[in-house]
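Below sits a lone chain in structure tokens, taken as the form predicted on its own.
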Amino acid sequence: MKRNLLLLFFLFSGNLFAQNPDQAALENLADKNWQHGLSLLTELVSIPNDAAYPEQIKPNIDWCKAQFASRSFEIQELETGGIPLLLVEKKSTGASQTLLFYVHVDGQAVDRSKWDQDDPYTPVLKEMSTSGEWKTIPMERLTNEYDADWRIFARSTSDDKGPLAMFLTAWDALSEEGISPDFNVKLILDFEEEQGSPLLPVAVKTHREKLRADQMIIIDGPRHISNEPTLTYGARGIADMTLTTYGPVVPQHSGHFGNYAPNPALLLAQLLASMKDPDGRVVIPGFYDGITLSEEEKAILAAVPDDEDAIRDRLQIARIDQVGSYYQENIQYPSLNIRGMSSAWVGKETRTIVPATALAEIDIRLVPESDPNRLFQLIETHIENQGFTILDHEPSKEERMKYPKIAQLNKSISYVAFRTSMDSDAAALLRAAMQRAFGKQPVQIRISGGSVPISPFVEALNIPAITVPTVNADNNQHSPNENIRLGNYKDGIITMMAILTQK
């Protein structure tokens, strides 16, 4: 009898261990499924995915449907009025909790002429040469060799198809061992994130019952620049403005009308310069209202292992904007960024004219304390105080003749910011998973500088949301020669397995 009880004890203990693998077991599973993971990644990134061309997105939707169907997930297309969202779900027997993962499958546009390979959608393996340049090596070497610092170059390897392939690899590795989560799993796949997910906020409200969950995990974005395991508890939102100033109705000869016709480029430059002081702080009254950092919060920011000298060296800048005193403090505030300007012609196309118009594109990164509509109103009041009449359309002749200084202003809000408490149960679960996976606590970032369309989920579902970034910080996302480091891809698989087996 005692022998039978002892046998049952060991069998039961072994099952518990298998369902909650330790660091060594997770690493072994990642190694065992490495070739499968590489196959998933290279297959997925080979599908063009610029959402500006909807015909490119359908093959991505079809690929995702086929992959999750083969793993017996329930699949639903959620209508948006445009490109649909894809919701996939796997229920676990007896589960009382549901985790909702967010991942986007579309990618940034490509300029093939700027890539150091023939096709950005054909993955290429590279290693760093002794001269510090990336050198192409045969993909076949991956069948029996591994170097954590080798990289696969292709659009969306890091942003954000790599993390999706990590999840699928992790799921397959656990399934092969008979391990399943203790919670229900949902994934929402977004195919327009790089276009600002314009239809997502309304779609989330429409389909909120189908999306119901207890916690949201965003698998997107790069780790901290130290490349240590990272958790990010929020993201800034984003709004944008297009500002146009006007001079003569058509460009005029600068010899005939210089010193006579007001120059719209100068008007625009003066207007933009009036919004900030020489240290980069917005001087529009009330722009930073509501944002205070407690000593505890400052300690959280200071604990992030940023190397300020290395950041400046990477950017090749001698000074920083003084909104805060260091990087993490700076991104706790809303930003007012000129992301592009245009007037007349430059370079070889330069002409001796007084331009007809000047245009600035502005983005505003939002924090939870900043209401975008309030910020818009503050900016509009400031523009009016500079003597401008604001219009939302091209001025007519009558308006041109009536108003000395005209600014056309068009604005939109993509999504607001969100931030989850580091003391939440959701945070504790992810910290425990990371500790088990890597034997140390992750870098914890209060809010990221970039934006992801998560606030609609937080608001509609009333759930905490935390980002689990996995890819290398120097991955060139949104730029030519996007890549993923092999060591990060493997760590990402381990991270996903740890989350899926966390108790």
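Take the two forms, find the largest set of C-alpha atoms that superpose within 1.5 Å, and that set is the rigid core. The model shown is predicted, which means the values in this text are computed figures rather than measured ones. Numbering starts at 1 and follows the sequence shown.
The following text describes the form predicted together with another copy of the chain, which does not appear among the structures shown.
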Based on heavy atom distances of 4.5 Å or less, which listed stretch (325-333, 119-127, 372-380, 202-210) is in contact with another copy of the chain in the predicted complex? 325-333
Report yes if any heavy atom of Tyr403 sits within 4.5 Å of a heavy atom of another copy of the chain in the predicted complex; otherwise report no. yes
So, in the predicted complex, is Pro248 in contact with another copy of the chain at a 4.5 angstroms heavy atom limit? yes
Do Gly347 and another copy of the chain come within 4.5 Å of each other in the predicted complex, heavy atoms counted? yes
At 4.5 Å between heavy atoms, is Gln270 in contact with another copy of the chain in the predicted complex? yes
Heavy atom within 4.5 Å of another copy of the chain in the predicted complex - residue from His224, Arg419, Arg365, Lys90: Arg365
Considering Pro229, Pro163, Pro355, Gly234, which brings a non-hydrogen atom within 4.5 Å of another copy of the chain in the predicted complex? Pro355
Those residues of 241-265 with a non-hydrogen atom no more than 4.5 Å from another copy of the chain in the predicted complex are Gly247, Pro248, Val249, Gln252, His253, Ser254, Gly255, His256, Phe257, Gly258, Asn259, Tyr260, Ala261, Pro262, Asn263, Ala265
Val304 C-alpha moves between the shown form and the other one by 2 Å or more, core aligned: no
Given a superposition on the rigid core, I'd like a yes or no on whether Glu209 shifts its C-alpha by 2 Å or more between the shown form and the other one. no
Glu349 C-alpha shift between the shown form and the other one of 2 Å or more, rigid core reference: yes
